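Single chain ahead, by itself, as structure tokens, in the form predicted alone.
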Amino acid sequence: MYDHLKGFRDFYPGEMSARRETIDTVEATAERYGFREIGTPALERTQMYVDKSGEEIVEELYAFQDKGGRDVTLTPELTPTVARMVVAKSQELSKPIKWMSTRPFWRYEQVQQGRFREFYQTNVDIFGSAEPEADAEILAFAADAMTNLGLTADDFEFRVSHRDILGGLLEAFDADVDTRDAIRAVDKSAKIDREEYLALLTDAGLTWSQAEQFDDLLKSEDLDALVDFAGTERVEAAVTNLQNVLAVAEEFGVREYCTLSLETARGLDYYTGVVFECFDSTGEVSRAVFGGGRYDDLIESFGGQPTPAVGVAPGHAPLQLLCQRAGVWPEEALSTDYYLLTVGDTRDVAARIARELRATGNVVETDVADRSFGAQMGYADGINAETVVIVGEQDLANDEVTVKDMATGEQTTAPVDDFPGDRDAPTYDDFAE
């Protein structure tokens, strides 16, 4: 008997049907905004992630050498891949480029609530626009996807920040600060106690009193005060950009989901502008459901022309936790429109009826195991068949089939030559007197 690997999951049909409904909802929302689906490989060169994040990233990857001697890894995220794809065909692609993709990723990391070593995300990205409308459209898509799943403003919030505000404030201190380490400390601030957080900021180069002051600044909602404190064009421009994005989000009807939160930093180094994370408003889902933001320098770092970019990646495991907490997760049950139950040598008629019902979009099952009447009826109940059509030798002798409503248990007969006839989805009610 073999167990599945830690951090990898099996999805049986009931849960998979709920997952499929959720994924379809998220993807359909993206399609309505004009995002086009792409397909991407499971393997990439390991060096692509080393160049982006440093040698230490290899410890978090499923990295190995293939039979050709190439250092490769199972892809841990999509952004570098799509950056590579944009660079490869930049001159041929109409801009802005709007892409989306749902697929699995792999990271060798600690398994915890809503986080696995194999995980699924829907990535949605815009390349080629630096305008606030692009950031706001990403926020709008994300909000619409959530509400289309049945969630409301009481269930989730987007905590919105700006990386240049964080970086600009750090520059304003009279200290030799490692901005990368300081921003990573900010990203961890909600997960650790304040003393440990301040210690990380001092490790990054601030004094203890400067770390306290920086922490107080990030808690402020007075953006003008931050501009005055920093006294730099960088912070002023970042504040203006953030205000413009939120103003467009208001026009797009999704400002109510956005909360100013400068303590939101996003841990990945490639973010350059507005960033945000989605959280469960009740706090029951203890980690970010997903996040996104602007990464204007990544395409150029991959050898392409300067190309602004912004995106978001809803993770389906934490999204499932949020939907379950809010009571909007789809029912994990099978759904079958018809079961064709055969008695005796009637397979040819049952097959004809099944073909015609499937042709109009119905889910139809027939007996493929030569079971008894009772066993077939039990199976029909187990797959939640709404209607059972009994095709028996005695029925056919009378030029009839029996139509049984499984919810009520009522049944009636229907002319075999008129079933399904011109009806797309005939039921008991169509033939009951």
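Quick note: we count residues from 1 along the sequence shown, nothing fancier. Bear in mind the structure is a predicted one, so any value in this text is a computation, not a measurement.
Omitted here: the form predicted in complex with a further copy of the same chain. The next part is about that form.
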| query | finding |
| --- | --- |
| Heavy atom of Ala432 within 4.5 Å of a further copy of the same chain in the predicted bound form | no |
| Partner proximity in the predicted bound form: Leu61 to a further copy of the same chain, non-hydrogen atom cutoff 4.5 Å | yes |
| Contact test in the predicted bound form: Ile183 vs a further copy of the same chain, heavy atoms, 4.5 Å | no |
| Distance check, Tyr197 to a further copy of the same chain in the predicted bound form, heavy atom within 4.5 Å | no |
| Partner-contacting position among Ala134, Ala204, Leu170, Leu78 - heavy atom within 4.5 Å of a further copy of the same chain in the predicted bound form | Ala134 |
| Listed residue (Phe116, Phe229, Tyr120, Tyr270) with a non-hydrogen atom within 4.5 angstroms of a further copy of the same chain in the predicted bound form | Tyr120 |
| Location of a further copy of the same chain contact in the predicted bound form, chosen stretch of 277-285, 321-329, 351-359, 258-266 [non-hydrogen atom, 4.5 Å] | 351-359 |
| Within 4.5 Å of a further copy of the same chain in the predicted bound form: residues from 1-26 (heavy atom criterion) | Met1, Tyr2, Asp3, His4, Leu5, Lys6, Phe8, Arg9, Asp10, Phe11, Tyr12, Pro13, Met16, Arg20 |
